[in-house]
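Given next, in structure tokens, is a single chain: the form predicted alone.
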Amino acid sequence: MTPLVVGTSAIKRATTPELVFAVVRDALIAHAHDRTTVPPPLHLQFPDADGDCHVKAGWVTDTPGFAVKIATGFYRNPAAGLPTNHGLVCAVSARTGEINAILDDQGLLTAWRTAAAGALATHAMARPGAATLAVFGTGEQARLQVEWLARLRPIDTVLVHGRSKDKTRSLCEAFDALGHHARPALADEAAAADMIITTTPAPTPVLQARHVRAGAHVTGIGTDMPHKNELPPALFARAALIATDDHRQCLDHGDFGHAVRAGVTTDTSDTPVGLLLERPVERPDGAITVADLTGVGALDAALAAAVLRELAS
């Protein structure tokens, strides 16, 4: 049987942010309660092309299908007029092993589930009144993190820190058009915001821990491979609450793992993000909280299944 191939146009028609939020939330909760199977990711690097690839798989217990996903990031692509990210998701029957569908999403579902996971974690862990958001990075995920978090809580001001002045200015203009009062910021100013989200492939930390103020929340989403490191270990030493999307992955190649190896926190100091989505987070107003998200294959499986259900309905 020839598998169904689903392109981006159909995926966009079948998918809403509300659907993605619900699926990602439920999958993170299931993962926190060990109701998933998620093997270690496969990583490939292409230094000459400034590119990387990761392959992730996952299954939510007792669901009819699992997924295998390929996601790439080639960071010189924009200079050639190409998107930075590409990918596809292969949906497979967990009962027969047959390939049910190939979602040729060009990385779209990865981008959406990452945006939803970051927004959910940030909203759950930040102070209720936090309204100033800083984003490190100027790519697609930087834009999505702001737009999707704004669906969950009001954002008064967005500070954008990026290496390119032109890209930073362009992203600020896009946010201004959405009413977010955005402006470029130096790293130390951005790190002093109420909420900070880092969205870069940086190999060394993009901010300094001492610039993060008491009461702030920081979400790191870019450290999805061993050679990346967005958040400094010293930030984890200051954190009253550390959350990870996958304990083993974050120890292996997340910012949390860098902090553990630096000896500033222990390998048991984290809490699954999914547990924090189930109940209100207890945090003193002056506490610093940190979420380290490396991307979980079970989320890809759950979202692929939801899209296919919507297309079939």
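This one's a predicted model, so the numbers in the text were calculated from it and none came from an experiment. By rigid core we mean the largest C-alpha set that fits within 1.5 Å across both forms. In case it trips you up, residue 1 is the first one in the sequence shown, and so on.
Not pictured, yet referred to below: the form predicted together with a further copy of the same chain.
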Within 4.5 Å of a further copy of the same chain in the predicted complex, all of Pro40, Ser93 and Ile99 (non-hydrogen atom): yes
Of Ala182, Leu88, Ala134, Ile155, the one that lies within 4.5 Å of a further copy of the same chain in the predicted complex (heavy atoms): Leu88
Residue (of Glu189, Glu140, Asp104, Glu147) lying close to a further copy of the same chain in the predicted complex, criterion heavy atoms within 4.5 Å: Asp104
Stretch in contact, per heavy atom within 4.5 angstroms of a further copy of the same chain in the predicted complex, of 254 to 262, 24 to 32, 62 to 70, 282 to 290: 62 to 70
Contact test in the predicted complex: Leu82 vs a further copy of the same chain, heavy atoms, 4.5 Å: yes
Contact of Val5 with a further copy of the same chain in the predicted complex (heavy atom, 4.5 Å): yes
Close approach of Cys53 to a further copy of the same chain in the predicted complex, 4.5 Å, heavy atom: yes
Proximity of Gln45 to a further copy of the same chain in the predicted complex, heavy atoms at 4.5 Å: yes
Core-aligned C-alpha movement of Ala262 between the shown form and the other one, 2 Å or more: no
Rigid core superposition, Gly51 Cα moves 2 angstroms or more between the shown form and the other one: yes
